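Here's a solo chain for you in structure tokens, the form predicted on its own.
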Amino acid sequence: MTRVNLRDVALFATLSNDALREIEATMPVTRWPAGTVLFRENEPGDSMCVVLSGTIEVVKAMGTAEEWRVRRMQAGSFVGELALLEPGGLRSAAVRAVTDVEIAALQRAGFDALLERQPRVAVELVETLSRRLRETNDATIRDLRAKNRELEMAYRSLQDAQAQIIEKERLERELQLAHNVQQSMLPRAVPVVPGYDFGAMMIPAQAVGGDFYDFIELDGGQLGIVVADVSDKGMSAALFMALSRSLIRAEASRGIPPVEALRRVNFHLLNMNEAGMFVTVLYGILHPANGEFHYARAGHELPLVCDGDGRLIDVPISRGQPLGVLTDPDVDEQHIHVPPGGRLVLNTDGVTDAINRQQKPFGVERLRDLVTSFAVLPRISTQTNCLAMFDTVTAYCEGTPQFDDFTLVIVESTAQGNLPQPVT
């Protein structure tokens, strides 16, 4: 560690050798380890220190959140003189050893005598104080500018955060409104048809979804039943769902066969579908008098049919493709019967694709087993069966977040009709 002599200190540079030896004899040298606090702010000052070796730092508000290092000082510097310039003066800042240091201390009496006998020392002292004051002012201004920049950035960040909160709240309100509008598109109650009991539900994975179902009253007491699933999720799927539903309802209300209705819907979608989305649909017409269900299936899940004893009935199948993509998609057209006491179950893939924590899907086989289990359970309403199926799938998922819309429609053949029930 480099050590300086008093002659190397600017304050004593003009002293004669005799005067320097006289002063040096009155200045004891002490050694302090790094981290030692030599002065504390606002304590009485009775000496000035000269750094003979090592590094010290001058600190304001030491030990507080506002602690500020004013400057660092190397060997050859002096500190503490300000408190000696007035009787009973207090330290204006704390001084702390950065490294191990050697300090020579000049007491108040020696300091006063030095200024009296050596006027040049006073000039050097004034120049040093002036220089330090200018440096401190410059550092203060730099610090204030830096803090102003930080405050400006914090203010802008706060403005951005506030804007994001406002935007988030606006989006949430719009999503809630969209959710309410979409839910209002679904039937408010299941149909009332003598000899049948209906259940239906659609639970979106997000605020809005792409699944939908519908019941359409047709001439001659016939009933149109629709279950559909739009590609993708969220707002875009919800808008395409609304378009698809309106087109299907408009074409089905003509009373034309299901396959013709879907082909007309496909034609309209191709002319309106710039986003390249598609929809899978199962649209069928139920003839209550004989239980016939004449349907057309465009790429959708197969229907499940079971008899009164819970035995599944094989459903014929042919190729079916979604609507909105191809100019002439294949459509699977079939005629099936819902036997007395039996059930027809229509669903979207949000039921069978639901996964558990092991990433295993609920699957078609579990759905088939669930449908057949109704036959051995005490008779409950078909709407309650829908809720029970949803609870079963939810329990299977073991808390895994729902990632797709869940839609079910169940038609049960009964001995007599039932009162309308609210739809979930």
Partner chain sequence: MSDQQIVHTELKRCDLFKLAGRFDSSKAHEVESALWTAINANRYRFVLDMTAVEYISSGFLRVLVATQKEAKRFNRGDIYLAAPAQRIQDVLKLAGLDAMFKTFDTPEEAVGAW
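Positions refer to the first chain, counted from 1. Just so it is clear, the structure is predicted and the values come from calculations on it, not from any experiment.
Note that the form predicted in complex with its partner chain isn't included here; everything after this is about it.
Colleague: Quick check: do 225, 263 and 285 each get a heavy atom within 4.5 Å of its partner chain in the predicted bound form?
Modeller: No, because 225, 263 and 285 lack any heavy atom that approaches its partner chain to within 4.5 Å in the predicted bound form.
Colleague: Want to guess which of 336-344, 322-330, 86-94, 190-198 is within 4.5 Å of its partner chain in the predicted bound form, heavy atoms only?
Modeller: Selected stretch: 322-330.
Colleague: Within 4.5 Å, heavy atoms only, which of 143, 152, 112, 232 is in contact with its partner chain in the predicted bound form?
Modeller: So the residue touching its partner chain in the predicted bound form, by this definition, is 232.
Colleague: Using heavy atoms only and a 4.5 Å cut-off, determine which of 312, 302, 216, 98 is in contact with its partner chain in the predicted bound form.
Modeller: Checked against the cut-off, the match is 302.
Colleague: I'd like to know if residue 359 sits close to its partner chain in the predicted bound form, meaning any non-hydrogen atom pair within 4.5 angstroms.
Modeller: Because a heavy atom of residue 359 falls inside 4.5 Å of its partner chain in the predicted bound form, the answer is yes.
Colleague: Does any heavy atom of residue 273 come within 4.5 Å of a heavy atom of its partner chain in the predicted bound form?
Modeller: Yes.
Colleague: Tell me, yes or no, whether residue 307 is in contact with its partner chain in the predicted bound form, where a contact means a heavy atom of each within 4.5 Å.
Modeller: Answer no; every heavy atom of residue 307 is more than 4.5 Å from its partner chain in the predicted bound form.
Colleague: Using a 4.5 angstroms cut-off on non-hydrogen atoms, would residue 375 count as touching its partner chain in the predicted bound form?
Modeller: Outside the cut-off, so no.
Colleague: What residues in 335-363 sit within 4.5 Å of its partner chain in the predicted bound form, counting heavy atoms only?
Modeller: Stretch hits, in order: 349, 353, 355, 359.
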